[in-house]
Ligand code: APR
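This document starts with one chain, in the form predicted alone, laid out as structure tokens.
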Amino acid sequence: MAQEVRGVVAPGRNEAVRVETIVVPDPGPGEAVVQVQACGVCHTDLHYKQGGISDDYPFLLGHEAAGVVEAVGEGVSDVAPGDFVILNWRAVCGQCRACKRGRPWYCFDTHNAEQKMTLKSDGRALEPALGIGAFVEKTLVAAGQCTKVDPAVPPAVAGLLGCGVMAGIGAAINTGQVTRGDTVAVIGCGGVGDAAIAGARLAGAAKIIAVDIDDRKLTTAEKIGATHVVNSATADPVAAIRELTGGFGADVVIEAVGRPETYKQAFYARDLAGTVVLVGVPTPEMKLELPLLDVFGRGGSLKSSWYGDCLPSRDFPMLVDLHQQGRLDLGAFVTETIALDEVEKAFERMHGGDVLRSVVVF
């Protein structure tokens, strides 16, 4: 029987979000209903609200979540009712050319629930953020979007692995392939950038340089693991990174802003044959211009990181274990916990740079 729950909906471009009654259908084949326990307020949700993703309003926001499986549909065997899971937006298909070549983290045919959750008020179908929609007491997802992890980890920190923290850690470890002794620079110290710093620290980087225009964010970056900080509002970041790396540039530079000017900084701040990783998400109108001779002459790799090139079934349990061992402080990313009806205020605090992560706790 369909259930009625409360959830946060973005009704239209740049309109204030509101809490609505959502109708959640019973899970169909390959689907699961998850009782959400916590969900982080991610910048991607703000992009949805502002129309930066698409115009398929109304959106059911929220995607960085953890909770307990309540029910599963026909054919589901990997998770069962009662399992504690982190939700992911990469439910790999197992059949596309990437999956068949043993690279499921590049899956080209990830899938979501077939059924739609709807508004009780008028029956309109909701478009769930990143195929999840987790600012809601219960959500319907594809069972492959549920990754079972140790239930001992608090939901408020576990859910962060569902998006921003995984994207940043994966950008360093999976995409950038940071290893022991490397020098790493991270441009942009929001949630994803700080997670990249944490990932570089986990990988054993010798020097981790955090770059931002906000001293508050740089202070937080140092707590996460940065060994040096550069305020690019008052100093040339390329020159500063080179000075801190013996004049050579960093082995890996991670761009966590998603803007042409910061990408250029990353490009010129890397060592010869170094790696640039773009994990910041640009907007559709942005263009990048670089001298082709510089691209050729500097060698190395220019990479984009999709979801930290993660495989949830592999990476989520591993990172939870590292957290429980005290080697990865996921709690450091949680600035505040809030109620469901405080999401709009959380967006305002995010826009002002006042929080690393607000987390809705049910």
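Position 1 is the first residue in the sequence shown; the rest follow in order. Computed from a prediction, not measured in an experiment: that's the story for all the values here.
There is also a form predicted in complex with adenosine-5-diphosphoribose; it is not shown, and the following applies to it.
Undergrad: At 4.5 Å between heavy atoms, is residue 217 in contact with adenosine-5-diphosphoribose in the predicted complex?
TA: Residue 217: contacts adenosine-5-diphosphoribose in the predicted complex.
Undergrad: So, in the predicted complex, is residue 281 in contact with adenosine-5-diphosphoribose at a 4.5 angstroms heavy atom limit?
TA: Result yes; residue 281 sits at the interface with adenosine-5-diphosphoribose in the predicted complex.
Undergrad: Counting only non-hydrogen atoms and a 4.5 angstroms cut-off, does residue 125 reach adenosine-5-diphosphoribose in the predicted complex?
TA: Residue 125: no contact with adenosine-5-diphosphoribose in the predicted complex.
Undergrad: With heavy atoms only and a cut-off of 4.5 Å, decide whether residue 184 touches adenosine-5-diphosphoribose in the predicted complex.
TA: Heavy-atom contact with adenosine-5-diphosphoribose at 4.5 Å: absent for residue 184.
Undergrad: Has each of 188, 232 and 257 got a heavy atom lying within 4.5 angstroms of adenosine-5-diphosphoribose in the predicted complex?
TA: The answer is yes: all three residues contact the partner (heavy atom, 4.5 Å cut-off).
Undergrad: Just to be sure I understand the contacts: of 136, 192, 87, 252, which is the one whose heavy atoms reach within 4.5 angstroms of adenosine-5-diphosphoribose in the predicted complex?
TA: When adenosine-5-diphosphoribose is considered in the predicted complex, the option within 4.5 Å is 192.
Undergrad: Of the options 202, 80, 213, 96, which one has a non-hydrogen atom that comes within 4.5 Å of adenosine-5-diphosphoribose in the predicted complex?
TA: Looking at 202, 80, 213, 96 one by one, just 213 meets the 4.5 Å heavy-atom criterion.
Undergrad: So which stretch, 205-213, 240-248, 139-147, 102-110, is the one near adenosine-5-diphosphoribose in the predicted complex (non-hydrogen atoms, 4.5 Å)?
TA: So the stretch in question is 205-213.
Undergrad: What residues, if any, in 347-362 have a non-hydrogen atom within 4.5 angstroms of adenosine-5-diphosphoribose in the predicted complex?
TA: Heavy-atom contacts to adenosine-5-diphosphoribose in the predicted complex: only 357.
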